[in-house]
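In the form predicted alone, a lone chain appears below as structure tokens.
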Amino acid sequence: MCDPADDGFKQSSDYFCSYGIYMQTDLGEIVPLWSTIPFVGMLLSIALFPLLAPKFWHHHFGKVSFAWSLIVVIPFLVVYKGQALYEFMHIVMADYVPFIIILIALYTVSGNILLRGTLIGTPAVNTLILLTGAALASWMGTTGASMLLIRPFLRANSFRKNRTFMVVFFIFLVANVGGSLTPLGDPPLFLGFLRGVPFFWTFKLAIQMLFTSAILLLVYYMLDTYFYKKEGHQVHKQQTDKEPLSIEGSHNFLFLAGIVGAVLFSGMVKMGDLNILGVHRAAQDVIRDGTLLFLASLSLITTKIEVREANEFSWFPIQEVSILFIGIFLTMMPCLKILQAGSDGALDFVVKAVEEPYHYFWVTGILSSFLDNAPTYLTFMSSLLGRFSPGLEGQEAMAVLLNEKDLYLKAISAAAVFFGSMTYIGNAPNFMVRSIAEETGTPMPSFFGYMLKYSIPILIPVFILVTVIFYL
């Protein structure tokens, strides 16, 4: 039987008491590498079904996600029992639920803000929209900035023939790279803030963010100029009557400010823990989640339906993200546990090979492209604390890392945010932007098509430059 008074007892993911069984072995140390196969299957399903069987996928993607989840959950519960139950409950309650709540809040509130007026999608205007979105992303989150601007961006370019590359660069800049300056911008940086990284420390990534954004904006402007001229006479016939710009639903900016305040509150106030279905969550985090749902509800109630209709607001993008990401989170659990086990896990050869800042940049980045970037960031941050601050804990350990080895933390911070743009699943806004674009008639590439045609040839050379300039 369990004895919480026992000196060895710890309430964490490594020690779980369930049904009278006390587990001391870290799950990540004992699960085999082949247990990650369902996660690979989930990724391949997202990549191939929309390409090979689009009608089937559109109607049954939820069933596919559910099937892959069962393939992981049932065997793990049978073999590892209470320990596996805890890990699945923890990843759902502590990771997935707050993850999806903040997405819902930002998606809802931003979707209730309507930008009216004539925006003609010239290369200069489009570049300015992307620049604005990238600047906003660090302060209202990549999800908030993406949902605020993607529909006006698409409307401005509704007359353009070649729009796919525009949405891809929107994903690059607004849904990812732009969110690297504050903990509000992207989930991994927020996790760092919760664990002792000062709020404004991430401003140290400004040069890297500006460098990366400048290159991407320049490449975008050249591509847009080429296609704009190629479309020629058809472009200049459009939008002869200009309507002045205006904003409807502007009171929702107050709700956006409330979301920012709730997030800051959860990172700055300590109110103890709550036990929810066996998972310990900070009370301030629960209050934050409740506040976010309340603000989203207020936004819906206080905004006219006509505003959402004019904004072509639809719940499908957030439904798709919610359904697919619960499958991703559940099937991802063995992968994360193996990584968190470090040199004691099945991926010890990867962990042992990571030594220099550029190693951390690329390994964190590659894993963030396919795994959730928040736990990936947290795993390597924990690795850095153990490596450079042995025997120290909490703020003391973090102070050593920040004062003596901050280049390593910069590497994993930048990588976790930047590489989220490498795939559709690298960051949740990517999925929503793609879904909204497809709903409004813009063809989007498949999972592999996005990588092979856009992210690999465009982003990898940029990231190589970032490596050479900042991490060698």
Partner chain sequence: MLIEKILFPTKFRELSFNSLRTLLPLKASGLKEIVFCHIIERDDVGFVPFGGYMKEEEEKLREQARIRFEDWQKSCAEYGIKSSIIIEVGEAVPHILGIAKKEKVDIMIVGRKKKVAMGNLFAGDHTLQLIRRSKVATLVSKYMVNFEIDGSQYERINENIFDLPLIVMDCSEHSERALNALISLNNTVKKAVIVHHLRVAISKKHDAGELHAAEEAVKDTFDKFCMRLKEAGIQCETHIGAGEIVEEILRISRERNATMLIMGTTGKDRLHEFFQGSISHDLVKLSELPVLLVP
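The term rigid core refers to the maximal set of C-alpha atoms that superpose within 1.5 Å between the two forms. Residue numbers count along the first chain shown, from 1. Bear in mind that the values here come from a model prediction, so they are computed numbers and not experimental data.
Beyond the structure shown, there is the form predicted in complex with the partner chain, which is absent from this document and is the topic of what follows.
Picking from 410 to 418, 66 to 74, 48 to 56, 28 to 36 the stretch near the partner chain in the model of the complex, with a 4.5 Å limit on heavy atoms, gives 48 to 56. Within this chain, Glu306 lines the site of the partner chain in the model of the complex, having a heavy atom no more than 4.5 Å away. Not displayed here, the partner chain is approached by Leu324 to within 4.5 Å at the level of heavy atoms in the model of the complex. When contacts are judged by a 4.5 Å heavy atom cut-off, Ala428 counts as touching the partner chain in the model of the complex. Contact check for Asp348: every heavy atom lies farther than 4.5 Å from the partner chain in the model of the complex. Contact annotation: of the candidates Glu312, Glu231, Glu248, Asp95, the single residue with a non-hydrogen atom within 4.5 angstroms of the partner chain in the model of the complex is Glu312.
For the partner-free chain shown, Phe431, Met432, Arg434, Ser435, Ile436, Glu438, Glu439 of 430 to 453 come within 4.5 angstroms of the partner chain in the model of the complex, judged by any non-hydrogen atom.
When the rigid core is held fixed, the Cα atom of Phe431 travels less than 2 angstroms between the shown form and the other one.
With the core held fixed, the Cα of Thr302 is displaced between the shown form and the other one by 2 Å or more.
When the rigid core is held fixed, the Cα atom of Ser314 travels 2 angstroms or more between the shown form and the other one. Relative to the shown form, the Cα atoms of Pro445 and Leu48 move apart by 3 Å or more in the model of the complex. Inter-residue distance, Thr440 to Ile323 (Cα): increased by at least 3 Å in the model of the complex versus the depicted form.
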